[in-house]
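The form predicted alone is given below as one chain in structure tokens.
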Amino acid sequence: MSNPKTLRRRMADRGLVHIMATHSPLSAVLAEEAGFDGLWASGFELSALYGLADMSLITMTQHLDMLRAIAARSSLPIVADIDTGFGNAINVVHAIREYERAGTAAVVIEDKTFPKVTSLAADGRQELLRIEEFQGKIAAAVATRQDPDFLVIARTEALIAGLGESEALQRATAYVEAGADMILIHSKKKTPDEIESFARAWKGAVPLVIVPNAYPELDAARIKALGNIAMVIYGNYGIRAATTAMQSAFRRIIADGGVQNVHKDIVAVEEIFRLQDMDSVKKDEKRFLR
């Protein structure tokens, strides 16, 4: 079964799929072992890994290289965060060819202008494309894909830009008319009120995707109760968890003057060997090194 078909099947069977953001093959392996349904190849997390702001500074080549590395170590379907599509509709055509060829199950394209600024930045520049121009991007993506199961997810930033629910609904409807398979609706409010209101008002023919980073109380039970959300993406928890752990360990080592205390609170090196599949390497050594 193809990766896109696997993702569609999981949504159909489970009603709601849980997608974890990843920034490396190791984080992808950990997400798969934890039981997630798929992986979010996050532009934010990859930017953070490079120590860069999430402002279209990471190139498509860098993102694709990491996505391929992740796909080589995990069997989970990958939802690729391609921001604004790396340019106009012609750039989207090129991007869809490359991401589908890399084995991606879905892409998310957002209706901001290029270069974008991360949605949750305080007072960040949040400029949206004309509806007609973004419809062209969605139509280009749909026309380019070779596998009809490959998901084209349109992300509207109308709530992020402060344009209100009516504008968000208008844009989402227009993007479905252009061929979008799902709509990702996002908010930077600290409560889920905007998202729940949008979901209740949404009468479109396609399901919704949400990213509850800023409103963590919107759990699976509340999401399922809304009835039309099929995918939840945990958008930056991998890189935040990794940063939390490293900050704590590094500071303790300096404070303690050594690793004598932190040593017992982190995973053993043998666990890293396991994640690296070292046993398989050892077997190959015995078999082939002569």
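Here the structure is a predicted model, which means the values were calculated and not measured. All residue numbers refer to positions in the sequence shown, first residue = 1.
Absent from the display: the form predicted in complex with sulfopyruvate (SPV). The rest refers to it.
Residues in which of 66-74, 39-47, 221-229, 248-256 have heavy atoms within 4.5 Å of sulfopyruvate (SPV) in the predicted bound form? Selected stretch: 39-47.
Please state whether every one of the three residues S56, G87 and D111 places a non-hydrogen atom within 4.5 angstroms of sulfopyruvate (SPV) in the predicted bound form. No, the whole trio is out of contact, none within 4.5 Å by any heavy atom.
What is the one choice in A161, V142, V176, L120 with a heavy atom within 4.5 Å of sulfopyruvate (SPV) in the predicted bound form? Partner contact (heavy atom, 4.5 Å) among the options: L120.
Is N213 part of the interface with sulfopyruvate (SPV) in the predicted bound form - any heavy atom within 4.5 Å? Because a heavy atom of N213 falls inside 4.5 Å of sulfopyruvate (SPV) in the predicted bound form, the answer is yes.
Does the 4.5 Å heavy atom contact test between R155 and sulfopyruvate (SPV) in the predicted bound form come out positive? R155: yes, in contact with sulfopyruvate (SPV) in the predicted bound form.
So, in the predicted bound form, is G235 in contact with sulfopyruvate (SPV) at a 4.5 angstroms heavy atom limit? Flag for G235 set to yes.
Hey, in the predicted bound form, does H186 get a heavy atom within 4.5 angstroms of sulfopyruvate (SPV)? Yes, H186 lies within 4.5 Å of sulfopyruvate (SPV) in the predicted bound form.
If you apply a 4.5 angstroms heavy atom cut-off, which residues in 79-99 are near sulfopyruvate (SPV) in the predicted bound form? Contacts from 79-99: just D81.
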